[in-house]
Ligand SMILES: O=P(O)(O)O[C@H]1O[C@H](CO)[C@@H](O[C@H]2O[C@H](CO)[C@@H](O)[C@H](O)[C@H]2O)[C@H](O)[C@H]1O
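As structure tokens, one chain now follows by itself in the form predicted on its own.
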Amino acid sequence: MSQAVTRSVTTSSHGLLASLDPLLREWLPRQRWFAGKGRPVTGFSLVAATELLPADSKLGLYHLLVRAHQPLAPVQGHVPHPGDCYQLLIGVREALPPRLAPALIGHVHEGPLAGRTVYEALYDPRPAEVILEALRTQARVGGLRFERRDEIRPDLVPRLVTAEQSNSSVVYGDTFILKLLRRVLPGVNPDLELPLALAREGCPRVPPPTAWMTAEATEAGAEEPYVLGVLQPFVQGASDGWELALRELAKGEDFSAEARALGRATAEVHTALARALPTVTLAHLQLQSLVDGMTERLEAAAQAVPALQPYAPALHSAFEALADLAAEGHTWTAQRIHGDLHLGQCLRSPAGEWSLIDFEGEPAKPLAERRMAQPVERDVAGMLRSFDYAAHSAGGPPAPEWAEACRAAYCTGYAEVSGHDPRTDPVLLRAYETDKAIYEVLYEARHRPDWLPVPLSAVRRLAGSAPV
């Protein structure tokens, strides 16, 4: 790879972090992908630092893995949470040109970068080119490892995707898109694991990974590497499923044909995952554990959101009905699934083909939980809730008939491919949809109170009766 990609930082690493500390405390919590909003950052610890372009040149580039420490972090198993680890790409210049003004982190006053300006490097084409070149040449730089399955053309022009998202993405010449994970964990990440498995199965509904980057684990207790990013083919001209649904609804257009096609695409992905990876049978004990988790989430949400409390007994019955079936000896098949499926995780190509993307799962959950086998109804329930959200979000009055037509068409399409209509397992599907709506109530109450009526309308429907 390029001679500019140099070395792992050693002796000056902690001096480097100390000099960046006051700037990162201000900048990091403002980022869309920062998970610890609402709690101040009290300090940082360095997990790894690698110099990708020499800092003493006109343009420097550091790759950092930094753990952010915050008070009142969640407690897991009575062990204090160590703080989230974030992947940072820090550019270093004497001064920023006007085009990079939105990327500014700040001006360094002490330490090895004193007198220099540091910024979010992904806004700058040259650092983004360095990452692609490292992937193309399968570089090894310090603890960083760059791997690829397929050839990558050199000299593709990069551009940062500026839409709000929970990670960062760079498009290279309308040929590839690189998704850089921001909050990273050691271990097998489903965002790489599942697309690789689907590529081996020849599933056309998920863009196959072209290349990926990892970092060696350096902290005590961490044995597996960190997955840092995945490069995949860019679906040029594709429409985001959420935006497409809202446009069609705003025009008064029927969306059920697209929903049916999306159901077929989802089933293709599920059947390919079932071939590629092990499936398991969920019996009474496993189902009871699942129901217990749903019940706990309901009770916590009802305590936090008073508007949910009148419906709690009826919602609880949805979970009890599932537990009763399990107690009677019913079993269910579980497999690897998408884990966070909604319209925004789907792309429609100009030719009308649907793709599923972003297999990371719910980022707030531990990797082990995200990699668990689960019934496919969980993904289906997520998509059914997404149609309901779209029906309330197009700017006009709610359109429940539109949502219901989409929901039915989606399940029909799913059955055409899989041979299994999710509606034939109404107890399991209702439990998952109820669990998802409860999550939405809690999320909206905390972050977007104006949106709270959307999941509450679903809660009323799922409760199946007036408030107690």
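One-based numbering along the sequence shown. Because the structure is a prediction, the values reported are computed rather than measured.
The same protein also has a form predicted in complex with the named molecule, omitted here; what follows describes it.
Partner contact region in the model of the complex: 337 to 345, out of 283 to 291, 337 to 345, 115 to 123, 368 to 376, criterion any non-hydrogen atom within 4.5 Å of the named molecule. Contact check for Y389: a non-hydrogen atom falls within 4.5 Å of the named molecule in the model of the complex.
Interface residue remark: R446 is not counted as part of the site for the named molecule in the model of the complex, having no heavy atom within 4.5 Å. Although the partner is absent from this view, E440 contacts the named molecule in the model of the complex, with a non-hydrogen atom inside 4.5 angstroms. The named molecule in the model of the complex is not approached by S256, whose heavy atoms all lie more than 4.5 angstroms from it.
Contact with the named molecule in the model of the complex, defined as a heavy atom within 4.5 Å, holds for exactly one of S166, T218, T271, T295, namely S166.
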